[in-house]
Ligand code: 13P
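Read the single chain below, which is given as structure tokens and is the form predicted alone.
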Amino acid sequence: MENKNAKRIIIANWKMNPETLSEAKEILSAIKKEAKKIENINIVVAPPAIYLGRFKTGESDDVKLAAQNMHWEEKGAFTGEISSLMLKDAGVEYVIVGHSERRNYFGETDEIINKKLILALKNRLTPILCVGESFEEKRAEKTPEIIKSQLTKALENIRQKQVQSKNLLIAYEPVWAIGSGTTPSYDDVLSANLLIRKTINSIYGRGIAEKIPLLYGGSVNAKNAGGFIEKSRADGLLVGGASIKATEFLGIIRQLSII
């Protein structure tokens, strides 16, 4: 992001955690308390869907809500699914789309991800589009090919005017780093971010490519968080496991606040 005064973005993806609403409220309370002290970071929490309605927030809240997933239709006979309109009604502003766990465990294809992106943008939810390669793809030196393909297919039939810096976030999350304890080098992430911007430039032009915030996700902790911002040119972070440990997540927030 060219604007050095732009706020950093940190998103807590709780995945299927914690086990109870009381635990969830306790973590959220700690995050909100810290958020009141910090003005230069946008903090977003993505809890399990069952908690979203209980966390309903307003425009003045320091912490915004994200959904971990949504369906590609607004309503209908889709047992177990949640629509974008339901998310909007629950006070949700962001939605994670194309997370590697959705791709790998639930068979989400590039076509499905594209449909979700189109609907999220239509209903004014800000999508957090995730892209990244597997260990096998990295070993075969296919990282550039995979990232370019995922981006191009995800953004198919989405017009330039729909994609602005406030309408879309892109998260690079190397699949091999998620939950593995293995962290890519800052140069690896920098290369991926440059490739993402180059690909966006080829689709929408330089103006859009420079302004869309890029996040990094994968084994982020309080020790390495700052490096991904300073050395990898990331505009923010998508934090998984560390985000459900209040002390660790607050440490990450503090790291970003002093950069």
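Values in this document were obtained by computation on a predicted structure and should not be read as measured data. Numbers follow the displayed sequence, beginning with 1.
We do not show the form predicted together with 1,3-dihydroxyacetonephosphate, though everything after this point is about it.
Student: Within 4.5 Å, heavy atoms only, one stretch in 48-56, 214-222, 199-207, 28-36 touches 1,3-dihydroxyacetonephosphate in the predicted bound form. Which?
Tutor: Answer to the contact question: 214-222.
Student: Just one of 119, 168, 177, 189 has a heavy atom within 4.5 Å of 1,3-dihydroxyacetonephosphate in the predicted bound form. Which one?
Tutor: Going through each option in turn, the one that passes is 177.
Student: In the predicted bound form, does residue 239 have a heavy atom within 4.5 Å of 1,3-dihydroxyacetonephosphate?
Tutor: Yes.
Student: Applying a 4.5 Å heavy atom distance criterion, does residue 101 contact 1,3-dihydroxyacetonephosphate in the predicted bound form?
Tutor: Yes, residue 101 is a contact residue.
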